[in-house]
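Next up: a single chain in structure tokens, the form predicted on its own.
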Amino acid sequence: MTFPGAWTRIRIFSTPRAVGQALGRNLARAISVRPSLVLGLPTGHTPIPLYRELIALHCSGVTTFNLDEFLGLPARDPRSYRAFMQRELFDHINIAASQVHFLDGVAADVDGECRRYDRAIARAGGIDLQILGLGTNGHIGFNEPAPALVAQTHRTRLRPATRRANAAWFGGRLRDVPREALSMGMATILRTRRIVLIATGASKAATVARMVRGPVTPRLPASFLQLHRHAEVWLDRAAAERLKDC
């Protein structure tokens, strides 16, 4: 389905699994054309069907950069985003550790770590394809709604809604969810050559509709994807429900 306006394409599938399978096939074609593809990857429940598809692919040549990490959690902590990615993807595919990049949640110099990460992305030639999830409050990565957004990779304070959404990774205990995180910034994300945002479930429907309708505002960070020439939105039917009125 194609919508008028800034979006390159909005695609709607029957189920979350169908979204993951279709995007997995799409990535397989992209990797076959360019085996050295540089991928930006998210965490969370939404991309799990995609990662299950990617496990079946030959991905040994790709380079990856993860979007974000909780501040204060070491890589070995099973609740860290790095541990999540190892469990859901990297432990199951043939890719060298040197080609997999994460933010260090326990870096002694947090600002220096953020600068290091942006330099690493630049040395890799930039990100060719960035996969994004969507928070119910409109955040992408950990770029939270705010009066203004931070351009580069940065330290950020998490909103209560975001911490609640992540409580499941912490045994349902909100008090254990870190209050801060490290995240790619909006300029870092928008410099990528192609963006695919995936959103599934009825809880995302209202945010998807606001993102598509506009306006572009830092109060809804995902709306900034309207400014990208090659941004796509891949949805299941539940997440697309309110687009009927767009």
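In case it trips you up, residue 1 is the first one in the sequence shown, and so on. Computed from a predicted model, the values in this text were never measured in an experiment.
Missing here is the form predicted together with a small molecule; even so, the following discussion is about that form.
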Exactly one stretch in 24-32, 206-214, 187-195, 61-69 has heavy atoms within 4.5 Å of the small molecule in the model of the complex; which is it? 61-69
How about residue 44: is it within 4.5 Å of the small molecule in the model of the complex, going by heavy atoms? yes
Determine whether any heavy atom of residue 141 comes within 4.5 Å of a heavy atom of the small molecule in the model of the complex, and answer yes or no. yes
Answer for residue 103 alone: is it within 4.5 Å of the small molecule in the model of the complex, judged on heavy atom distances? no
Would residue 133 count as touching the small molecule in the model of the complex under a 4.5 Å heavy atom rule? yes
Please state whether all three residues 81, 162 and 166 have a non-hydrogen atom within 4.5 angstroms of the small molecule in the model of the complex. yes
